[in-house]
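Two forms of a single protein chain come next, each set out by itself as structure tokens; they are called structure 1 and structure 2.
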Structure 1
Amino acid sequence: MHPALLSQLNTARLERVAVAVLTDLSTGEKRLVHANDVDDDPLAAELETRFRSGKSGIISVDTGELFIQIHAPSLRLVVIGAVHISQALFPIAQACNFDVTVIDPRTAFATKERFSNVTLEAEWPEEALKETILDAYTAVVALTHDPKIDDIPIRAALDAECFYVGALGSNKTHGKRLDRLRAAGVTDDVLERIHAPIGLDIGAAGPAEIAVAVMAQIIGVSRRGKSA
């Protein structure tokens, strides 16, 4: 690979930006496309599909065949609240190759005994998020029912354009949450990105089933977009 192209690829990895390297299989010529620049590329539709799926592959074009290699950051899940649902959720997310961070200032809940083999931050979210980067490859779920803990990371996730933002609570609880976020200056079009009540509507009962519903919705959004 040409040094200049390799430098661009390494920079993209450090900045957690998805890129595709396109190789002309007849000439060996390569070019790099950033996910943010897909709309201006002649292969926009194909690239958009592959960025969403994360799958590399060979395609046929007028000039021959191209190999599209996708380089995407690892997906991350930031869980606000070291609650029972979180205990069920994090191993499922890890099995789906998500890097998981659990944040909760309540040290009685945020213990290594309850959350082993996971990044655990027993701090207020506004402090923990100074070290935890939120981006378009991050899902954030708020599960405490406590506005003092949930509201700040929800807004931070919306500002960072995280691909998924979900919050636990009934429609009534979510309505109050929306009122608070509107009062804080968040617009309605942005608030529409919050998945609440959280998870797919599968009639889930109990922490384990709710965790399955949440993870299924996260995967659906990551693969298919917000409508999942």
Structure 2
Amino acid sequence: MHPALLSQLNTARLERVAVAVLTDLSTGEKRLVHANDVDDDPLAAELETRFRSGKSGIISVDTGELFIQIHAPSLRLVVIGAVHISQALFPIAQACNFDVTVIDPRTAFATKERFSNVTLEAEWPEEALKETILDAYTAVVALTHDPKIDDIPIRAALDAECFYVGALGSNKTHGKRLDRLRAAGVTDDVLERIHAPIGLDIGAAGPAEIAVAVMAQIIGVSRRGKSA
């Protein structure tokens, strides 16, 4: 492997861009393909399938075996609200290899004592989200019940096509939320992407069980798509 290619690969990973590294296993020749450049590639169909599934593997080509390795960005979870559920949720998400950021402008909630060992931003989401870039490999959960805090990041998550957007609140609370977002110009097909009431329906009681239900739903969507 040429060091220049290794450097390009690490840069792409750092910038959270999905790339594939193709290795001809008989010659050792390698090349790197960005997910955005797949259309122009001679292996477009194969690469497209691989990028979608995230699966690396060997395929047969004229020269022999070609190893395709997909480097997709790691999944992230952005939690809006440094609330009790968030305290239970962040260690579960970390155990599932998610990089977690907790955001809450209320400094009484967003304390290091309540949230040690996790990235904590005691700022308004609109400020914090200038640093934490949302993308298709990010899940966003809004847990404050407070429209002043939740609505803007929910909107931002939908705009950024985050793979999962969930919001805490009863059907009634969510109904009002939908009204506000509709009034702000978000269309119904986009609003349907919000998971609310949040979490798998397992009869969860209390913060820890709700956190499990939320994490299970996020994993379901990441592995199986929207229907989870």
Partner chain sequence: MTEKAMTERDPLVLAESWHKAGKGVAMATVVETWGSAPRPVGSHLVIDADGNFEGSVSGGCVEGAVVFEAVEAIETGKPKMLEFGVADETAWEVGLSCGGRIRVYVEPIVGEN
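Everything numeric in this text was worked out from a predicted model, so none of it was measured. Residues are numbered by position in structure 1's sequence, first residue being 1. Between two forms, the rigid core is the largest collection of C-alphas that superpose within 1.5 Å.
- Here, the chain labelled structure 2 is taken from the form predicted together with the partner chain.
- Assignment of C-alpha atoms to the better-fitting superposition places T132 and P91 within a single rigid part for the change between the two structures.
- Between-form comparison between the two structures gives a rotation of 27° for the smaller rigid part, taken against the larger part from C-alpha superpositions.
- Core-superposed comparison between the two structures: V17 shows a Cα shift of 2.7 Å.
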